[in-house]
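Below, in structure tokens: the form predicted on its own, a single chain.
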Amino acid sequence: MSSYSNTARVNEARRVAIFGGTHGNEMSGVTLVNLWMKNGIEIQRKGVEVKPFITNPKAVEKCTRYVDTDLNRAFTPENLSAPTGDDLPYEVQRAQEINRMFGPKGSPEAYDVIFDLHNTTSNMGCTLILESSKDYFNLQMMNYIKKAIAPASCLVLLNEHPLLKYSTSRSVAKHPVGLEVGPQPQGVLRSNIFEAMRVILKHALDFIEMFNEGVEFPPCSVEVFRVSERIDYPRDANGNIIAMVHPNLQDCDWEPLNPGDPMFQMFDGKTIHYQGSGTVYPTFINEAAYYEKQQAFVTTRRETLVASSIRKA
């Protein structure tokens, strides 16, 4: 048991939300949240209010990513403070409503934890998304989850880049947690992906219950993949894509990409090689939803974060 002086004291996590359907065609979260809204026994924990919630019901109804604009980019200060009205894009109206229900963002009244459930078409496996390297509560939770599901893998993506962060629905909470599980096509439900997501949520809620009951978690180190750069597809002068992800890179999320390695294959068969200064670890490779965002994949750099011991304040 570490001493009081070097143990971080963190407020109890009494209010927890589980978001599904932030993107209406990512079926694992949609299905789990609908299931738990009908019967929430599985997600009940002592002393914790757990609220399952469909964030973008119109997109879920249409089984599309969004209706007017991406809800998971809509939680900007400008959108949240804009005058309310029917002339706003649907997802901006929805962001304001979610911020009223689960926030306000950045306030003491905000929910303690929001889990936002996502699927990817990329071969990423189970990925927890961390917004801040200084969030020791989330780091400890992720360390607990990683150990609980071993030897199965669950990697941690640190999305802390000042220019590449985006305004997510989960950012309303004090401790936002993204969960990305794939590969799964849009609009499709795969049993193995569904169960993997379900198991991770179970362990996450177990951690919260134990923390609230006074369990102290000792210092730990967590390997993370820090977002570094977004890489777009090669394009012609008119902005049309002129190459594909190279077969040597396709489905190789989290594997090292070294300078000189094949990266794209032109339609005429020529290879474009990675020209970076050092080894990176690409992920979200060839994600279907990111063609519109001009992103073929994102590069990350592997590092280890150390979290102090924590116990409830």
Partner chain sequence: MSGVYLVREWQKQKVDESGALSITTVLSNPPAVNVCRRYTQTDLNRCFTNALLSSPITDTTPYEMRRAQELNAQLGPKGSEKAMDLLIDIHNTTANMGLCLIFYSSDLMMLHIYKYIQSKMPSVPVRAIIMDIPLSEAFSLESVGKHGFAIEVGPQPNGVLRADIFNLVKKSLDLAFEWIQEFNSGCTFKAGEVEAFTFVKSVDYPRDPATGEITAAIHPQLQDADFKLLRRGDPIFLSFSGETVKYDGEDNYPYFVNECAYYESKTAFKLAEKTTMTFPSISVKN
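Residue numbers count along the first chain shown, from 1. Keep in mind it's a predicted model, so treat the numbers as computed, not measured.
Just so you know, the form predicted together with the partner chain exists too; it's not on screen, but the next bit is about it.
For the residues 67, 245, 48, 54, the 4.5 Å heavy atom test against the partner chain in the predicted bound form is passed only by 245. This chain is drawn without the partner chain; in the predicted bound form, the residue among 86, 78, 236, 109 with a heavy atom within 4.5 Å of it is 236. Only one listed stretch (183-191, 202-210, 140-148, 160-168) carries heavy atoms within 4.5 Å of the partner chain in the predicted bound form, and that stretch is 183-191. Site residues 97, 100 and 131 are none of them in contact with the partner chain in the predicted bound form, judged by any heavy atom within 4.5 Å. In the predicted bound form, the partner chain stays beyond 4.5 Å of every heavy atom belonging to residue 255. Though the partner is left out of this view, residue 58 does not reach within 4.5 Å of the partner chain in the predicted bound form, counting heavy atoms only.
Among residues of the shown chain, residue 37 is not one whose heavy atoms approach the partner chain to within 4.5 Å in the predicted bound form. Mapping the unseen interface onto this chain, residue 174 falls outside it, with no heavy atom inside 4.5 Å of the partner chain in the predicted bound form. Along 257-289, a non-hydrogen atom within 4.5 Å of the partner chain in the predicted bound form is carried by 265, 267, 286, 288, in order along the sequence.
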